[in-house]
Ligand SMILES: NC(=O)c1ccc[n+]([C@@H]2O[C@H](COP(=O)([O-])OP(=O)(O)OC[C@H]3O[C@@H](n4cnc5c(N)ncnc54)[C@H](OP(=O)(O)O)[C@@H]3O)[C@@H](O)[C@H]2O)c1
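Quick setup: one chain, the form predicted alone, written in structure tokens, and binding and motion questions come after.
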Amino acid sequence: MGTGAVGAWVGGCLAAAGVPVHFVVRPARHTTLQAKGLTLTDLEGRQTRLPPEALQLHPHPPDGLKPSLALLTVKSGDTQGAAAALSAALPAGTLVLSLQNGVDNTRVAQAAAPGLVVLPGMVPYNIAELSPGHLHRGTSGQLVAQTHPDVIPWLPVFAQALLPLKLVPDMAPVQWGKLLVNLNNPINALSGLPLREQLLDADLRRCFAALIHEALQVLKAAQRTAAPVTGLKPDRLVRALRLPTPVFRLLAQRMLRIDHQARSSMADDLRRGRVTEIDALCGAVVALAHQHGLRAPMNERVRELVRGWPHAPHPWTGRELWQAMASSLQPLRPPTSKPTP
């Protein structure tokens, strides 16, 4: 449900492995896939081609379909409507796996589709659309989903499709851990640089580290935890990002296992004038801070910059972005507190 980068990649891998997959796709993407089919490539050099006739494309969930599994892969802002559409079309009890960014989509989807079984999942890798119908996985990682008896039979299927899936009993720390990593998405998008080049820029890494550090302060105040999803615990990731570039390059080999074509989906969204997921990323940190009487000024500032991009598109250098973020830096405190005389 939602054939963007993640939906087309995961669904395409499953279809290439022989799984019958129905793609619910927007009109523009429908036209592209009907004309070009789907090409999947990755940083290991694999290439898979699905011709148009191999793709089952639909403008909305078809009536009468009884899938064993539904993958919810729309952007966060579309979750409620997409889940309601699934609820109207699918039998009660259908298993739905949310492979979305953010920490709140499962709750939103379950509220909109109370008769379905909605589970949280996490996609760790970066997928970029290099050209119409050509998706490229530029980083590595393993899918994660919440443990559930109905998911277990899918483990060998996902493995055969080269989509290894790990199950965990509590997804909340994993989702927050992924959100911390995804705080780089707006930094990458605002910079206009490929992901690897951006991570090798010390000033841009400084901006990324500052967003994570601030989010960790908020999580601590909220008594929540974030699981490592990059191989480094979040606090160690912050320290690594602040290292000089030659040292960072040596110590962050796994993080830098990125080919030159990788970029964030938010960068694509900004470039194409689409709504971004900034409210599900920096916005989630800001919202959690407010719930506990705090502020997250750097995340607030980056959210403002991404929201303002369509009115004044402008690639930011690392120094420019750091200055813009630092200008709003202040200790975490209640948003209604008055300045000391």
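Fair warning: this is a prediction, and the values are worked out from it, not measured in the lab. The first residue of the shown sequence is 1; numbering continues from there.
In what follows, reference is made to the form predicted together with the ligand, a form of this protein that is not presented.
The stretch among 92-100, 239-247, 106-114, 207-215 whose residues place heavy atoms within 4.5 Å of the ligand in the predicted complex is 92-100.
Among M171, A82, V229, L119, the residue placing a heavy atom within 4.5 Å of the ligand in the predicted complex is A82.
This chain appears without its partner; in the predicted complex, the one residue of Q175, S191, N184, T73 with a heavy atom within 4.5 Å of the ligand is T73. Using a 4.5 Å cutoff between non-hydrogen atoms, A262 does not count as a contact of the ligand in the predicted complex. Proximity of R29 to the ligand in the predicted complex falls within the 4.5 Å heavy atom cutoff. The shortest heavy atom separation between V123 and the ligand in the predicted complex is within 4.5 Å. V24 belongs to the set of residues with a heavy atom inside 4.5 Å of the ligand in the predicted complex. Along 287-326, no residue reaches a heavy atom to within 4.5 Å of the ligand in the predicted complex.
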